[in-house]
Ligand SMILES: Nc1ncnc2c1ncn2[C@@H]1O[C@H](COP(=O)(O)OP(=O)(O)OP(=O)(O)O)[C@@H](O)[C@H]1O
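Take a look at this single chain, the form predicted alone, given in structure tokens.
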Amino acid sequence: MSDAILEIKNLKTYFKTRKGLNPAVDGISFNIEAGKITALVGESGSGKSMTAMSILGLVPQPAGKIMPESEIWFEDQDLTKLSERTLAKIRGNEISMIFQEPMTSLNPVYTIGKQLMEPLRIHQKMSKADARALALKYLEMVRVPDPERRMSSYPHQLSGGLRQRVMIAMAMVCKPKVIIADEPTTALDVTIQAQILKLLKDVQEQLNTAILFITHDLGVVAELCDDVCVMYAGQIVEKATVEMLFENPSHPYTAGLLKSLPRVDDDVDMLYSIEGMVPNLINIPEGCRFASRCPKAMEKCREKEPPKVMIETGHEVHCWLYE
């Protein structure tokens, strides 16, 4: 894909456990395009956050390992083959991340100003005065009230919404080419969530940054994103544009996720839920990993891995139904 700024090819991230290797991410491939927001969707434990950590080279060592056949291409460099020192120059400068819970991501003993200025001093080699001026500019851009005073505040002195705005400012301050947002609105109430989503969209349009948006909320995906990858049990089961996915959800898991969304025009006593549990990734079942929960499962679904099928241009599904 000519517009792809980040290409993930056959990414496998495994963890050593007492019972054997646990494939947290198992052979996924997708592209992130410049100037677009790509969603990575799936329930808890599907491998979304570990995909983000793998891209940034933050997989916990020595238990975790990115397998040798994995490739993560960014600007003609395979990130999986770079040294930690080279990766550190890219991390936070050209690829940055907004974490799910800002209180655990911001350093409690440093002021907001010091934490905003640090990447500018390290990566951009700015003077203290220039770094402070730019940090103030970005606090204003993310609409933090009274930014001058907030520069001297500590994380515990800010509300959850303000802390998340600071995290967005920190992610943007070096003008990265890619921002990874790992469920950045999960810990916030609905009104603040809407403000943060609008802010992310505005930032993406102003800087023409590519965003990988990790979430389990399909309502947010519909509102914010351009492309979607649906993950289940460490694998991608469907890839499409937002319009294609919502008009024609083709994998039974995707259809189940959409069916479980509450709707204002539906008068139901109980919301739909997908029966069963996600399989244990230490003892992976044969065939399709969703087969035990799938209402359309056939015999071969339990015997062989499903093929990759292109339903239409830009819409890919891994399912025997479309063989």
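The first residue of the sequence shown is number 1, and the count goes up from there. Fair warning: this is a prediction, and the values are worked out from it, not measured in the lab.
What comes next is about the form predicted in complex with the named molecule, which is not displayed.
- Message: By the heavy atom within 4.5 Å rule, which residue out of Ser70, Asn31, Ser46, Thr254 makes contact with the named molecule in the predicted complex?
- Response: Only one option qualifies, and that one is Ser46.
- Within 4.5 Å of the named molecule in the predicted complex, counting heavy atoms only, one of 294 to 302, 269 to 277, 48 to 56, 31 to 39 shows up; tell me which. The contacting stretch is 48 to 56.
- Item | Contact label in the predicted complex: Glu183 to the named molecule, heavy atom within 4.5 Å | Glu183: contacts the named molecule in the predicted complex.
- Message: Whether Pro262 contacts the named molecule in the predicted complex should be assessed with a 4.5 Å heavy atom distance threshold; does it?
- Response: Heavy-atom contact with the named molecule at 4.5 Å: absent for Pro262.
- Query: Within 53 to 72, which residues have a heavy atom closer than or equal to 4.5 Å from the named molecule in the predicted complex?
  - Reply: Heavy-atom contacts to the named molecule in the predicted complex: Pro60, Ala63.
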